[in-house]
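Okay, here we've got a single chain as structure tokens, the form predicted on its own, with questions on binding and movement later.
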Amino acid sequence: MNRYDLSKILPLSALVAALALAGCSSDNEEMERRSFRIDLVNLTANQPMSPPVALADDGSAWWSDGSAASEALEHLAESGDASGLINGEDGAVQAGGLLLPGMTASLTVATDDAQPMLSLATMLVNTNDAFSGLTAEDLSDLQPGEQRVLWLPARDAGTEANSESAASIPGPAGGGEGYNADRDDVTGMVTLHPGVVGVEAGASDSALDASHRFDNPVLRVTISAL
């Protein structure tokens, strides 16, 4: 029978285990955090945008085109209130004020290998339920020093009819209510926004005018890997 010197085998196994743990520690350090700067530019002429909010997570979509909006998205799209989208999310960040036409807002988000997907959203406040943003954008292949530029359209949440009435528009053009639980839009789902009509074009009850119209894109987003 072969005899083994346990005094030699045990230290060797301990060394292998230590090296394995060291490798895991190194992997964890690489996965810990990556930072990205998000620069958002409002491209509209007269559509202030609600304070933009951003979150990096595992890819849970904030919306899906052609599907009904969640209640959280409805709050954002009708009143600019993003709290429902980010409640309980430690990594969420939000700009400190409105993103005015022609202006830039900057946010910094942190990701890791388990949460490489970016979502962000903002409301066009001189509308009934228009918003812009992106959801579940994969940042895992964006290397330090690289940038990604996205030109984003306006979307319609499909939760409120585009009446353009002063009573239903929360922005400065109307000063009306924001969120309303009733859903009376003809589509009932998230789509590209059809645009503003305005009083000059024959919408006699509209609180909006030609300055509030917009063409797509309405938002430029530059993502910089730090």
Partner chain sequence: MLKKNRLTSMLLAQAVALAVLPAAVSAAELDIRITNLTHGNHFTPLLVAAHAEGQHLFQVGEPASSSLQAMAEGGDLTGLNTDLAGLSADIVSNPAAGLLPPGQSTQFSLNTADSNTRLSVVAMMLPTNDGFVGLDAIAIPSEPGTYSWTLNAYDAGTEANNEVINGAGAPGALGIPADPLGKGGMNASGVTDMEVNDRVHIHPGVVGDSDPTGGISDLDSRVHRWLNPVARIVVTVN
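Residue numbers count along the first chain shown, from 1. Computed from a prediction, not measured in an experiment: that's the story for all the values here.
From this point on, the text means the form predicted together with the partner chain, which you will not see here.
J.: With the partner left out of view, is N162 within 4.5 angstroms of the partner chain in the model of the complex by any non-hydrogen atom?
T.: Yes, N162 lies within 4.5 Å of the partner chain in the model of the complex.
J.: Is P51 near the partner chain? Define near as a heavy atom within 4.5 Å, in the model of the complex.
T.: Flag for P51 set to no.
J.: Considering non-hydrogen atoms and a 4.5 Å limit, does the partner chain approach A45 in the model of the complex?
T.: A45: no contact with the partner chain in the model of the complex.
J.: Please tell me whether any heavy atom belonging to A210 falls inside 4.5 Å of a heavy atom of the partner chain, as the geometry stands in the model of the complex.
T.: Outside the cut-off, so no.
J.: Whether E78, G88 and V125 jointly form a contact site for the partner chain in the model of the complex is the question; each needs a heavy atom within 4.5 Å.
T.: Not a single listed residue reaches the partner chain in the model of the complex, so no.
J.: Tell me which stretch of 36-44, 169-177, 186-194, 51-59 has a heavy atom within 4.5 angstroms of the partner chain in the model of the complex.
T.: Contact-bearing stretch, as computed: 186-194.
J.: Within 4.5 Å of the partner chain in the model of the complex, counting any non-hydrogen atom, which residues from 54-86 show up?
T.: Contacts from 54-86: D65, G66.
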